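Here's a solo chain for you in structure tokens, the form predicted alone.
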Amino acid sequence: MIKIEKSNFGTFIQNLSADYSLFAPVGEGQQSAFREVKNAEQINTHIQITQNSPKTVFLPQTEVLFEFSGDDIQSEEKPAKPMFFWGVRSCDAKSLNLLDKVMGQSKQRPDDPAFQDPYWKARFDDAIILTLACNEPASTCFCNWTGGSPFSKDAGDLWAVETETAYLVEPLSEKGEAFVKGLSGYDTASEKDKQSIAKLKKQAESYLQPAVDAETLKEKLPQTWEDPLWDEVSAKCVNCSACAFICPTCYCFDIQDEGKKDKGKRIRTWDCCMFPIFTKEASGHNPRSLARERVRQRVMHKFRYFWEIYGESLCTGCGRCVRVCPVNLDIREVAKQLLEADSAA
């Protein structure tokens, strides 16, 4: 574990930006997101968790996949430099790993590149993710519900903790090991530094609510399929899709071609299962025409369906959906209600 003194942070970031496309938390008025930066002054080190997750860099809300003119197709070029992400919280680092299971690793057909998203892979495979521990989780955070922790080391290539005077950085992956080996002029963290980490970790975990067991919820969900609770929950939901568009793990998208005659471009944009038209078929039939069915689908996908395929929840407990919901529909309260429901199988 190396020690980057805060007095040297500016130089560290300056050197990083020379070799990488460097992304870090940036405040934008009332908004915050990961944006490309060139120096330490552009980084907002006080942001607890960005409103928009780093997913937006790897899977933009709108992107041109390619342009075409007759038989000529011009695809987006691979980034000139690999990306480095400074200050990704553990919930967001985990979300990128979950998305990579779908977009990059292609579990169903791992040896078939046709089932891998080349646009995702061009950005993600070479990227280095530095996970920054949360010293003060927000009241809406619940990463401990989904197997995480403010100080989790389960995702990312590097792991860092901010102390009063320094950042303590530890490699987590082969990419992280190679990165640290390439650095020089930094001290090794002392025993006192490691004791500070233990103290900060204990304090951070004390901010979180007692955890609900996500695996128990996964087992209970099928029993609630016809439970009246879904009517109660969906009656409050306005189907605005803010929760899905702010979520770091939602990955549904639509494809549209724009142009005239034989010239145009193919565009990918985010889509959402909360939209009434999302499952509407060409025949006019809609298997999820009711709000209760769409709300149920979203919860089932996060806490049941994804787990059945990939072995873990699709929710990382970042709490963004709790903060952004205009009617204060709290997924944590929904989960508790589902666990307490007396539904028959």
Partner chain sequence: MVKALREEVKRLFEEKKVDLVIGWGKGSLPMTATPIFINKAEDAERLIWDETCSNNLAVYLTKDKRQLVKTDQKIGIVVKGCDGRSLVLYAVENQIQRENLVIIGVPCAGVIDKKKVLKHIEGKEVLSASFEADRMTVEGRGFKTEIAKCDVLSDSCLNCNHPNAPVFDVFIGEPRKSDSVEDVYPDVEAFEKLDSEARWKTMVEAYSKCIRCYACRNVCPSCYCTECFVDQNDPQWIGKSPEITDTLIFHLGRNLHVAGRCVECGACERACPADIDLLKLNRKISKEILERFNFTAGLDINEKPALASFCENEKQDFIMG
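Positions refer to the first chain, counted from 1. Keep in mind the model is a prediction, meaning the values are calculated, not measured.
The same protein also has a form predicted together with its partner chain, omitted here; what follows describes it.
In plain terms, the part of the chain that comes close to its partner chain in the predicted bound form, with a heavy atom within 4.5 Å, is 250-258 out of 250-258, 89-97, 142-150, 187-195. Taken together, Q30, Q51 and A235 are fully in contact with its partner chain in the predicted bound form: each brings a heavy atom within 4.5 Å.
When its partner chain is considered in the predicted bound form, I13 lies well away from it, no heavy atom lying within 4.5 Å. Though the partner is left out of this view, K280 does reach within 4.5 Å of its partner chain in the predicted bound form, counting heavy atoms only. Using a 4.5 Å cutoff between non-hydrogen atoms, E136 counts as a contact of its partner chain in the predicted bound form. Remark: D271 counts among the residues lining its partner chain in the predicted bound form, judged by a heavy atom distance of 4.5 Å or less. The partner is not shown here, but in the predicted bound form the stretch 59-75 reaches within 4.5 angstroms of its partner chain through a heavy atom at Q61, T62.
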